[in-house]
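Before any questions on how it binds or moves, here is one chain, the form predicted on its own, in structure tokens.
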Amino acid sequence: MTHYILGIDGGGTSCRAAVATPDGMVLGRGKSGAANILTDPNNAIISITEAAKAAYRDAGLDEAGVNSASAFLGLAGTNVGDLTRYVHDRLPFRHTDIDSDGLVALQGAIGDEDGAVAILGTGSIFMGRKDGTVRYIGGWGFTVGDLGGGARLGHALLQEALLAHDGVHPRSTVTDAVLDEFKGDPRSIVEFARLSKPGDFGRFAPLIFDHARRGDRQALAIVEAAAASVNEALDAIMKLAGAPRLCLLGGLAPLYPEWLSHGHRAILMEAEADALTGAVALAAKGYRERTGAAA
């Protein structure tokens, strides 16, 4: 029987999977919806399974084969509560290892070397590696953490739009854009927020950065506050990293550099590979360790 491994990168916006041979050669890739186990564990299970099956189909393999795969999953939300075990026990794979989406991103970006990465997407998390030991900062979820993440930015913008509507703060082009989207009805904003998940708030983040670059005062205030939080976290994680190497990852990574401190901009480097590549590498490593297969 041919054995396959799966690398899976699951975040607050989407879940990506790659099926590979045990030595890490990728055969096919698949993508599905959000896979944040803290926000919605049952939907995460569905997304993970769908992405894995899509990867098998992309490789020309029978999707039923996911049941015999060895998988390494990097998922958002694994650092809070007991949901990791809940998800683990309901996945279809023969062998399942679950860690944070930050770990697979770190592995993809800097391989086995020392340094740090910041994932700035729907949420935010910061990782530093020194002498093989990985340290984490943040990643505590939208409700009480994820400062600098897209969901927090979008949430702040909706608050600002309501303050502008009420005349508490001056209106601006960015708050007008939000009010226009909701047809000037603040109740629609409130209803949207009541029903929304972090990814729904996060879709407003690029709009905020765009208006901040144009000098919009309200957008500038939101972005500068978020960047201050990111700079603080970067100060802390670089103290834990074994080398002055920093990668920014995630959907907001291209938007943040100009707002960071000079010291952090000076050590920015391009990632060697993406988080999905990191997940495949860790899946291959785990398979070798369990089976004694050659590298």
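All residue numbers are counted from 1 along the displayed sequence. Nothing here was measured: the structure is a model prediction, and the numbers come from that model. Note that the rigid core is defined as the largest set of C-alphas that superpose within 1.5 Å between two forms.
Beyond the structure shown, there is the form predicted in complex with another copy of the chain, which is absent from this document and is the topic of what follows.
**Student:** Which of these residues, 169, 197, 95, 88, gets a heavy atom within 4.5 Å of another copy of the chain in the model of the complex?
**Tutor:** Contact residue from the list: 169.
**Student:** Pick from 96-104, 154-162, 173-181, 209-217: which stretch has a heavy atom within 4.5 Å of another copy of the chain in the model of the complex?
**Tutor:** Heavy-atom contact with the partner occurs in 154-162.
**Student:** Would you classify residue 133 as touching another copy of the chain in the model of the complex, given a 4.5 Å non-hydrogen atom cut-off?
**Tutor:** Flag for residue 133 set to no.
**Student:** Does any heavy atom of residue 205 come within 4.5 Å of a heavy atom of another copy of the chain in the model of the complex?
**Tutor:** Contact check for residue 205: no, nothing within 4.5 Å of another copy of the chain in the model of the complex.
**Student:** Hey, in the model of the complex, is residue 253 touching another copy of the chain, heavy atoms inside 4.5 Å?
**Tutor:** Flag for residue 253 set to no.
**Student:** So in the model of the complex, does any heavy atom of residue 61 sit within 4.5 Å of another copy of the chain?
**Tutor:** Residue 61: no, not in contact with another copy of the chain in the model of the complex.
**Student:** Establish, in the model of the complex, whether 65, 273 and 281 all lie within 4.5 Å of another copy of the chain, using non-hydrogen atoms for the distance.
**Tutor:** Per the other structure, none of 65, 273 and 281 touch another copy of the chain.
**Student:** Mind listing which residues of 141-155 have a heavy atom within 4.5 Å of another copy of the chain in the model of the complex?
**Tutor:** Result: 143, 144, 145, 147, 152, 155.
**Student:** Does the distance between the two CA positions of residue 38 reach 2 Å or more between this form and the one not shown, the core being superposed?
**Tutor:** Shift at residue 38: 2 Å or more after core fit.
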